[in-house]
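Only one chain comes next, encoded as structure tokens, the form predicted alone.
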């Protein structure tokens, strides 16, 4: 799909289909009014007759309109004007793109981007429109012998803006396109079955990214991890025939000596729970336990597409957690790369084990900051549901910037406590600490565990267990938090270079 920016009066912009909004009060949006005048009141007549009420997310295709300004006009309901906010805008764009798929239009003019959203700029509306459009068009059928053939002739969408020469609009468009492509990569990786998407496969995909976008790649093999003393990461992989991989993908957009921004993704390509075996229902969804890693690779693709003037390193700590005669047992004690010892009380709390050694390893880069992304705890799903990701940080400024990026990208997070009081739950009689702290505050104690390995840098932890994928009829990876991470890095670039 191609996207572009168009300015000028909407009735003068030729297109296969113009998409305009109608409020529930039967009030036409600004662009709808302009088009309505050009086609001799056809739209206002439809609304007046009660054929379209403007309810949120509803659509009506008007073809063969009088005046032939457009081949078609798609009316999209915006809901009550007094309640038109981000959610209503996103729903309107999604409904519009879904409806456009069913038309014979090869190109469309999306005028919804002109509709004012309180507290949001036109640039925000543009980025969101591109991301939502690509989400609506996304399909994963790579594993089907006969992919479903859907009627799809739409090739390009122009986004209508008022001002001419709007540099912010073009930058917003570029960010939206980069974010969408990064999300598609993250979704593709997440949706692949675990017999395909193994740690080795993730390393191969990182190699393709490095080749296509001129990034540096380093992959640590099992023998390298043994040499470095990564006892926690290796403990997770012991029960699997799939070798673990520690993957580092580096983008250099700033001078070499500029401290890098580091992202670390949990890459458990399948999680049985190990000896602490999970229950069978919905275990197939544990292929999504590598969505943190997928989001890191997706974000690195977005960074490269935007050519951000930053040094960014994406690290994937990848392993498969399986039960086996050689698997780690509850009660085993391992030594992490940091030298700290951990009593593994539950082998299903494996994400923190693969992340902690990666966090210690990344100290060599002397990072400006580190963000880890992980489908870490079911407790976070209980706390925040499927709307917000959990945010933990040892640095208030970093936490604030991450939360602001999430709000700007509409990929929201919610700050959670990281108080030392919770560290008491990780005490062990036999090792420096345990890998779990019991049922109370399970997401918090998981973050507290990771905090023990983040004392040498500013660090934030995103628990995306509730937001990385959907279940049920819409089962599939969401691509989150690629929008948040991309916006966070883009904001850093704007703040640094204007």
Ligand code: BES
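Fair warning: this is a prediction, and the values are worked out from it, not measured in the lab. Residue numbers count along the first chain shown, from 1.
There is also a form predicted in complex with this ligand; it is not shown, and the following applies to it.
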Checklist entry - Should residue 469 be counted as a contact of this ligand in the predicted bound form, where contact means heavy atoms within 4.5 Å? => result yes
Checklist entry - residue 372: heavy atom within 4.5 Å of this ligand in the predicted bound form? => result no
Next on the checklist: If we define contact as a non-hydrogen atom of the residue within 4.5 angstroms of the partner, is residue 206 a contact of this ligand in the predicted bound form?
Outcome noted: no
Checklist entry - Is the gap between residue 465 and this ligand in the predicted bound form 4.5 Å or less for some heavy atom pair? => result yes
Checklist entry - Looking at 160, 245, 187, 352, which has any heavy atom no more than 4.5 Å from this ligand in the predicted bound form? => result 352
Item to check | Interface residue in the predicted bound form among 431, 47, 436, 60, criterion: non-hydrogen atom within 4.5 angstroms of this ligand | outcome: 436
Item to check | Location of this ligand contact in the predicted bound form, chosen stretch of 308 to 316, 263 to 271, 127 to 135, 408 to 416 [non-hydrogen atom, 4.5 Å] | outcome: 263 to 271
Checklist outcome for this item: When this ligand is considered in the predicted bound form, the residues of 269 to 290 having a heavy atom within 4.5 Å of it are 271, 278, 286, 289
